[in-house]
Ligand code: AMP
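The form predicted alone is given below as one chain in structure tokens.
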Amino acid sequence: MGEYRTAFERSITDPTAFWKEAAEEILWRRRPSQILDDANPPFYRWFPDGELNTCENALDRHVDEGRADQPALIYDSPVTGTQRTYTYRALRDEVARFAGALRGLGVAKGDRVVIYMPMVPEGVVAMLACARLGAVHSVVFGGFAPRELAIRIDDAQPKVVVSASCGIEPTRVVAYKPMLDEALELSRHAPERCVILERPEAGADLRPGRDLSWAEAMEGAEPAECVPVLATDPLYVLYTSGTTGRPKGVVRDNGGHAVALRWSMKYVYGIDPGDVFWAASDVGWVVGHSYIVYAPLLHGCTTVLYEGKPVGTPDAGAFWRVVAEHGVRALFTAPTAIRAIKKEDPEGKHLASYDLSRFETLFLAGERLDPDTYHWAVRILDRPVIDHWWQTESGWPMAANLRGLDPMPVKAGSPTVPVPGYDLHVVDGSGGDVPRGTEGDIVVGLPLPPGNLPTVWGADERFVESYLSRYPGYYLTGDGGFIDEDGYLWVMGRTDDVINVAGHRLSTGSMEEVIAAHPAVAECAVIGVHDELKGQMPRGFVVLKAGADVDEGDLRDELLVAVREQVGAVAAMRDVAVVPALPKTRSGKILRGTMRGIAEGKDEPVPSTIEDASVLDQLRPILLGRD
């Protein structure tokens, strides 16, 4: 841990010097003379007097410094059968023109633009064009329900909305424009204009005076130059999923974001300028913001934009085809994607069809990586599989096995150690550090490092209430876990996934770990359901691997015995059901809270973030004990 330990300790004891050095990698219009403004805690600001432009750092500087002809963005769309490659020069020129188009529609520094787009290059162009103008983009996941889109429009109050005629799923075309029209009818705020990308797969009914096509907007648009902004000016607002009422808009500033993300590419991911980096996510999520769009381009890499699925476009070899064709050095995706591949191709037979010689590392985050999935991925890929942990609020990894410092031995189930800058602690209910190996709330000492949210959009008091009030001086992550004797962090799940069985606090993550280790199980979820006698009782749900030939009764008995032996009789698990699928958000998170509410007989609404509502319909009678 020598190189890591030195960097980590310096980041905690002298954060100003640490981040001043990291900021040297950024092109500043006005170099900051002050690194950290700590005059108004808990509101800390990084590089407060610095000026820069994020788009200039992501595109123009690389054109000027010799990467003009290097691929910047590779668009790979198996659902449409198309591929496109943009060099840094071509992407810079496209972004500058669309920035000019937005400027022609009245968008200026500080204005908001809502982007409601599928996984197409124009979505990335729109984000970078906003950054170029100093405007604030708010990307809403393409296909979100009209009501949820309306709520976000009302909160962000955009001058312009950028959208598309449709998104494309493996089995259907999803019309976006009617959903946008409905959202604008529901919203109180009316944007001045809407720019609509018309895709060949579906037309769009454009409303005269308000709507214009992407092609019309670009026609005759003069390229816009980069507008300098303060490091503390907002780059984007990203709403956390699953919100009700007024949503929580995570603010990301320009300066700290650029510094932290470029640093992370080198030291967390071990990636060099010129490498091909692929984050198999969506631009509507934080992973897409950070590691499809901004971080790879800030670092001078080639980024892959993939419009497809891990399975079904056309098969479970889809990811390996993309890695081989484009020479991907590192792939970052969610554990749920790997579990989907494992379910369809448990022996990894598709790998034999592709040359993965340039592929070095698989990074996983977004949901807890169970040891069984980890070991399976290591076995079939024969290369490092790196779990890491972070949040929408942090914007970049909080715990990882840092590939650019000195990589450490992997412990399956742990994201390894705190990333430099993150003063992580595990505390009890009174805020005191718990002994090593003891579970508690995971918190981060203030100030948070650059790149983390400085506040919630338009609601400073809500920022304090949600994240900083429970333990003064600390940021509350909302996750529970422990730090072991070697300093490794173990994230056992959201604190609301800790259940209380007869006075014993138990992590559902530990039970899922045991169940997922069974050779017939592809993935699983454990929820705590109200019980009159014991307070809560755990219930398990498992999806079988493709081709698994097991008796469900025997499997249930084996899993219950395993949980009793490895977690303890106190877990009192008596119910495990085999189900065809688990309900998930579009970003791959299992909807445990929704499952729990249904099982307890609550009138649980279908979340707007759900990927496939039919899965929840199939599961509902099982949750209610009617099947």
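Worth saying up front: this structure is predicted, and the values here are computed from it rather than measured. Residues carry their position along the shown sequence, with the first being 1.
Only in words, not in the display: the form predicted in complex with the ligand, which the text now covers.
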- Indicate whether the ligand has at least one heavy atom within 4.5 Å of a heavy atom of residue 225 in the predicted bound form. no
- Query: Would residue 494 show up as a contact with the ligand in the predicted bound form if we use heavy atoms at 4.5 Å?
  - Reply: yes
- Message: I'd like to know if residue 257 sits close to the ligand in the predicted bound form, meaning any non-hydrogen atom pair within 4.5 angstroms.
- Response: no
- Query: Does residue 286 make contact with the ligand in the predicted bound form, using a 4.5 Å heavy atom cut-off?
  - Reply: yes
- Note on the structure: In contact with the ligand in the predicted bound form (heavy atoms, 4.5 Å), from 402-410, 425-433, 389-397, 522-530, is stretch 389-397
- Find the only residue in 513, 479, 275, 155 having a heavy atom within 4.5 Å of the ligand in the predicted bound form. 479
- The single option of 87, 240, 313, 466 touching the ligand in the predicted bound form, heavy atom within 4.5 Å: 240
